[in-house]
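Shown next as structure tokens: one chain only, the form predicted alone.
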């Protein structure tokens, strides 16, 4: 399989997964007697033939305060300053990238915020990356155990190093200026390029795991009661979420340095927060 076929297969999967996630989240809203739907926005890079994307956002639902599902496919040339941080980009700075990113901020503070993304990047090299993590406002041992056991299984089934991916996630989603983790972690991985077919299978199964995980966690807690104090605690936790995404998140930096759409890149920010 040549690189063009790999690009086509990857992009087609990300588009399919975006539709599946949006359909699933809308069905969860319907279960809560909400008719809220995703609003779709298409965007294109300023330079012709360098691609673009589609981001879908659902706001003010009974389940989601705000959830964004962004799929993009872009190409171009990295700036000289940025390309030294990207494997295989030093020679001419050319790149191609496709991926999907999901960030869900819940109305009920007892349900954790959720983040998921997977991507395929091509320079003079090519690789997959991505991850899943949760940011709860309240600790829940059983939820944490269930979440990590599901991620451990998908790694084991695909002969991936769960312990390494988990540690990578713990180190990545950490706020050094606060000396605290953003949430309860999950898995984070990058530069997966050992065997394309096997790595692509892993990427697909990580996406399907997110569909399963997110549904089960939401359904279990969607009717749990909460009060204003609980909501205030969630607002402060969202402040930490914002600090991480604006100061440290690699996806935010990559999007802004690859000519991505600002609104799509910053869809990860919650609608309201406190400090």
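Numbering follows the first chain given and starts at 1. All values derive from a computational prediction rather than experimental measurement.
Another form, the form predicted in complex with another copy of the chain, is not on view; read the next lines as being about it.
Participant: Counting heavy atoms only and using a 4.5 Å cut-off, do 31, 107 and 205 all touch another copy of the chain in the model of the complex?
Facilitator: So, no: the whole triplet misses another copy of the chain.
Participant: Looking in the model of the complex, any heavy atom of residue 47 within 4.5 Å of another copy of the chain?
Facilitator: Contact with another copy of the chain, no.
Participant: With a 4.5 Å heavy atom cut-off, would you call residue 156 a contact of another copy of the chain in the model of the complex?
Facilitator: The answer is no: residue 156 has no heavy atom within 4.5 Å of another copy of the chain.
Participant: Whether residue 178 contacts another copy of the chain in the model of the complex should be assessed with a 4.5 Å heavy atom distance threshold; does it?
Facilitator: The answer is yes: residue 178 has a heavy atom within 4.5 Å of another copy of the chain.
Participant: Taking any heavy atom pair closer than or equal to 4.5 Å as contact, tell me whether residue 224 reaches another copy of the chain in the model of the complex.
Facilitator: Result no; residue 224 lies far from another copy of the chain in the model of the complex.
Participant: Just to confirm, with a 4.5 Å cut-off on non-hydrogen atoms, which of 242, 57, 211, 54 contacts another copy of the chain in the model of the complex?
Facilitator: Exactly one listed residue reaches within 4.5 Å, namely 242.
Participant: Choose one stretch from 244-252, 22-30, 214-222, 35-43: the one whose residues place a heavy atom within 4.5 angstroms of another copy of the chain in the model of the complex.
Facilitator: In short, 244-252.
Participant: Pick out the residues of 260-275 whose heavy atoms come within 4.5 Å of another copy of the chain in the model of the complex.
Facilitator: The stretch 260-275, when checked against another copy of the chain in the model of the complex, contributes 262, 263, 266, 269, 270, 271, 272, 273, 274, 275 at the 4.5 Å heavy-atom cut-off.
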